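Taking the form predicted alone, here's one chain by itself in structure tokens.
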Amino acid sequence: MTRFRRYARDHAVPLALLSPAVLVILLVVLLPLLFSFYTSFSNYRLIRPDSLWDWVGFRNYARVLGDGDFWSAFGRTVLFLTVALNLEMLLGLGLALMVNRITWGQRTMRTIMMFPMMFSPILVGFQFKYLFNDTIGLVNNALQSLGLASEPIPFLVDRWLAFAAISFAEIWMSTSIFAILILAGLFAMPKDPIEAARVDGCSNWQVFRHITLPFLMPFIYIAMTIRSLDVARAYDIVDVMTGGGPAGRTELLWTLIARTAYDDARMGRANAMAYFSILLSIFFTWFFFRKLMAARRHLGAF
């Protein structure tokens, strides 16, 4: 007790300065989290406030596990995450390598490269919804004007075309995150190993494969960790462009959760779905963190 009092006396000012931030975190993060966790075990409906106290135990979780719509949305979310992350990584890597080779106007290019990530996801969704519209969309008008299509292509109606359109919008908006982090890795990369490899007669591909890419992998995995959390929670673009349609064929986890919570007013079931979706985010974070540690160990071996 004496040690605690001595610690409190010595750190009174820092603790007093931190207390408002701790209080805000408790009110804004912890309390809603505990409330949502409790309601996932209840039959809480927004249109029936008294149902908040209707305890149903694990019934919501059991019903989610047996819900075909949930598992379909879960599978589409994993597919969307896989496609978006890999294409963003490849495009970001190529963009970073090209910008790194520019000797004039590189700062301007870095600034321009950041523009897409500055837009709101809702704005990006409306932008691409207009571009891919089957009646007034610029893409359909351009294809028909060039004679490449005889009739409008239902980009936002066909199942796979709608999925591709949503993926394109997500990739356009977020590729710059990969490019910026990879470019930071290129700036931090020592030049001596590359010069030594060129003296030994290595080709450009060999230098990239065995020197540049291993050095960049920690930066790539950091970007993948950040983006996996964002893509797993994708909602805005999907809701604006397709609303989860047609017939739920582009519904992802968080659009399904939002529809269950607000359209169907089943908040307890929606929170149970949300906690299952958190497991997906935790898995990808753990997976990429392990890859990051392995890449750092591999880099330290040289």
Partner chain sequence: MRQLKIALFAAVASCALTLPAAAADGEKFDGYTLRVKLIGGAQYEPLYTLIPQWEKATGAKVEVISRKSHFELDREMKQDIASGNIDYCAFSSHTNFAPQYAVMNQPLDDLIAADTIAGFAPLVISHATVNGELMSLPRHSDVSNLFYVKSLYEDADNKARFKAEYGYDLAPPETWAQASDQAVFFTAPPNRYGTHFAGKDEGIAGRFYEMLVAEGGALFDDDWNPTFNSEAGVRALNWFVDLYSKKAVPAGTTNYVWDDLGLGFATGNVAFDLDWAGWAAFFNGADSKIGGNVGVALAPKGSSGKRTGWSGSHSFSITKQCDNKPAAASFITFLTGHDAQMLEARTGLLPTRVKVWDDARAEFTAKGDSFMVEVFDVWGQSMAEHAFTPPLIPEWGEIANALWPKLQAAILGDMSSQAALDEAADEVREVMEDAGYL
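Residue numbers count along the first chain shown, from 1. In this text, all values refer to a predicted model and were calculated from it rather than measured experimentally.
The discussion below concerns the form predicted in complex with its partner chain, not included here.
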Original post:
From the list Gln144, Ser120, Thr82, Ser203, which entry has a heavy atom within 4.5 Å of its partner chain in the predicted bound form?
Top reply: Gln144
**OP:** Tell me the stretch among 147 to 155, 92 to 100, 191 to 199, 217 to 225 that has any heavy atom within 4.5 angstroms of its partner chain in the predicted bound form.
**Re:** 147 to 155
Subject >> Distance check, Asn43 to its partner chain in the predicted bound form, heavy atom within 4.5 Å >> reply: yes
**OP:** Evaluate Pro49 for contact with its partner chain in the predicted bound form, applying a 4.5 angstroms cut-off between non-hydrogen atoms, and reply yes or no.
**Re:** yes
Original post:
Closest heavy atom of Ala274 to its partner chain in the predicted bound form, within 4.5 Å or not?
Top reply: no
**OP:** Answer for Tyr61 alone: is it within 4.5 Å of its partner chain in the predicted bound form, judged on heavy atom distances?
**Re:** no
Original post:
Can you name the residues of 256 to 276 that have a non-hydrogen atom within 4.5 angstroms of its partner chain in the predicted bound form?
Top reply: Ala258, Arg259, Tyr262, Asp263, Asp264, Ala265, Arg266, Arg269
